[in-house]
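Read the single chain below, which is given as structure tokens and is the form predicted on its own.
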Amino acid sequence: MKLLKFFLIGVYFGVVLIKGEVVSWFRIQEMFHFRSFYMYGVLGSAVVVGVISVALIRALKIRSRDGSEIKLAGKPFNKVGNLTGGIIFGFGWALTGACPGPLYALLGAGYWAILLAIAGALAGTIAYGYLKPHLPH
């Protein structure tokens, strides 16, 4: 029961993604072919909300629920790793027509073929876990 509120928030977010057509294969293809501003507007709005949220957290020194300081530390840039990861991510997105985030929303909407993409994402996550110690830093 403790996690029920998070489940319900996730379900609500999934419904918003589906109703907003953010997970629509056609909308994503429009974006990749530069035929529509819709997805760029959605993604840009998310970036703006994120920037404002981080600025408010820092300016107001907002703390977590347990009272500890929220530290937003940057991560080091790895040219080869970021480029390789970005290419793999982009290929997966283009092939499936779905970013990894809404895969479960698509499953909830009844798109059973997305199970292949979920299996691929899980396999990639497991492979990364095994390969991480051998990858360049």
Partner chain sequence: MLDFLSSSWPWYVTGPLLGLMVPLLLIVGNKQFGVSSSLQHLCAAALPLKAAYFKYDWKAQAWNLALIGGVIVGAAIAVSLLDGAAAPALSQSARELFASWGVASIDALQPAELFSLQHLFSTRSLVALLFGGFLVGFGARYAGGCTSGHAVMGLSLLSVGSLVAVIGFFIGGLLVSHLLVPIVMAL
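Numbering follows the first chain given and starts at 1. Worth saying up front: this structure is predicted, and the values here are computed from it rather than measured.
Absent from the display: the form predicted together with the partner chain. The rest refers to it.
Next on the checklist: Check Leu72 for me: does it contact the partner chain in the model of the complex (non-hydrogen atoms, 4.5 angstroms)?
Outcome noted: Judged by the heavy-atom cut-off of 4.5 Å, Leu72 is in contact with the partner chain in the model of the complex.
Next on the checklist: Please determine whether Lys61 contacts the partner chain in the model of the complex, using a 4.5 Å cut-off between heavy atoms.
Outcome noted: No, Lys61 stays farther than 4.5 Å from the partner chain in the model of the complex.
Checklist entry - Is any part of 37 to 53 within 4.5 angstroms of the partner chain in the model of the complex by a non-hydrogen atom, and which residues would that be? => result In sequence order, Phe37, Tyr38, Tyr40, Gly41, Val42, Leu43, Ser45, Ala46, Val47, Val49, Gly50, Val51, Ser53 come within 4.5 Å of the partner.
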